[in-house]
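One chain follows as structure tokens, the form predicted alone.
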Amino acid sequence: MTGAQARSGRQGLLFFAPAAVFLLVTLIYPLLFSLYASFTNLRLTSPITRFVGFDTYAMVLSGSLFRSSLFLTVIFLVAAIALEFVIGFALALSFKSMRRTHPILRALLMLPLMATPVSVGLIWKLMLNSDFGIISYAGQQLGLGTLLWLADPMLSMVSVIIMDVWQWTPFMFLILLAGLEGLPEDVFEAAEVDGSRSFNLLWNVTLPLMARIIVIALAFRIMFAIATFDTVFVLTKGGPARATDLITLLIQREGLVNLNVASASAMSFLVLLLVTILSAITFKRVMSNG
């Protein structure tokens, strides 16, 4: 190695070192400590900590709280992401069919995505208030009576799903619109020459060509949605009667309220394992389909 190459290597190391230290302190060390804690009985109110192997994981998996929160999270994911996909795809198709759309219109559609989670939760908490919220007022005007959006267990989950759909549909719209605008026009022209109508074009041409984009959009949305915490915490705090107690809220309560670090860490790694498996299966299927 020449002197110039050695000097260049040292300079590269100097540039790399701050980033490495930052990642080590903020990401790698907390992750490794959390993994270690999940194999102990670490509780901040207990003076004795000992290694217990997989006992913490067994305790979490056998607990009804974890299973019910996981079930609620699955309901939330399926309902919210399905609605976001249908609405986002419909919007993307309508924008694609327009000859010209004003950039301001697209920017307005992105506004919910740019809002901070806490502000989104506060806005919807005010709008869904049964005493003075505009949505409750609209329900009364339509003859639906006073709907307790945040006090009724079933309506509270519906409220959480509506809020998430409002905030994240633009994300789905953006990815799907980019995919639609990248499709080859000659394929559609050939299908139209063969006599394909609008529905046939959508079902036999557009959806097959968009399959990879759709799967990737859904995979990313699942990864983001399973980490939903801020908006639901502000809107319902997991209530009423744990009707919206998603897995992230349970982990937060277990770790920061009950101070049971071992249990919270084990839950976190179980969710991480689940998301990793789902993502790996999804991306493997996408790659295998070319």
Partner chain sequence: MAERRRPYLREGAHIAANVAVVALFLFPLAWMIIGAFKSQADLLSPSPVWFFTPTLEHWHFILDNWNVERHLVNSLIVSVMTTVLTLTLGLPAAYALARFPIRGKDAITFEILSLKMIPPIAAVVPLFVLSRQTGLYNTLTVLILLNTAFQLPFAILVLKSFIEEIPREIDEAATVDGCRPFGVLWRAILPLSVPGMICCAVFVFIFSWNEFMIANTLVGGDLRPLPPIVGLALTHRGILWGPALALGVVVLVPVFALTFSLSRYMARGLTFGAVKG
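Numbering follows the first chain given and starts at 1. Keep in mind it's a predicted model, so treat the numbers as computed, not measured. Each form is matched to the other, and the largest set of C-alpha atoms that superpose within 1.5 Å is called the rigid core.
Omitted here: the form predicted together with its partner chain. The next part is about that form.
is_contact(Phe71, its partner chain) in the predicted complex, heavy atom dist at most 4.5 Å: So Phe71 does not count as contacting its partner chain.
Checklist entry - in the predicted complex, does Phe220 have a heavy atom within 4.5 Å of its partner chain? => result Phe220: contacts its partner chain in the predicted complex.
(message) in the predicted complex, is there a heavy atom of its partner chain that lies within 4.5 Å of any heavy atom of Val158, even though the partner is absent here?
(response) Looking in the predicted complex, residue contacts with its partner chain do not include Val158, since no heavy atom lies within 4.5 Å.
Hey, in the predicted complex, is Trp203 touching its partner chain, heavy atoms inside 4.5 Å? So Trp203 does not count as contacting its partner chain.
### Query
Of Met110, Leu144, Ala151, Val187, which residue is found within 4.5 angstroms of its partner chain in the predicted complex when only non-hydrogen atoms are counted?
Checking each option against its partner chain in the predicted complex, the one that comes within 4.5 Å is Met110.
Note to self: Between Ile175, Leu77, Ala191, Leu209, only one gets a heavy atom within 4.5 angstroms of its partner chain in the predicted complex; which residue is that?
What the structure shows: That would be Ile175.
| query | Ile48, Val60 and Pro240: each with a heavy atom within 4.5 Å of its partner chain in the predicted complex? | reply | No, the candidate spot makes no contact with its partner chain.
Using a 4.5 Å cut-off on heavy atoms, what residues in 229 to 250 are near its partner chain in the predicted complex? Counting only heavy atoms within 4.5 Å of its partner chain in the predicted complex, the contacting residues of 229 to 250 are Phe229, Asp230, Phe233, Val234, Thr248.
Next on the checklist: Quick check: Thr26 between the shown form and the other one - does its CA shift reach 2 Å or more after fitting the rigid core?
Outcome noted: Where the cores coincide, Thr26 still shows a C-alpha shift between the shown form and the other one that is 2 Å or more.
Check your understanding: With both forms fit on the core, has Ala17 moved 2 Å or more by CA between the shown form and the other one?
Key -> Comparing forms between the shown form and the other one, the Ala17 CA shifts at least 2 Å.
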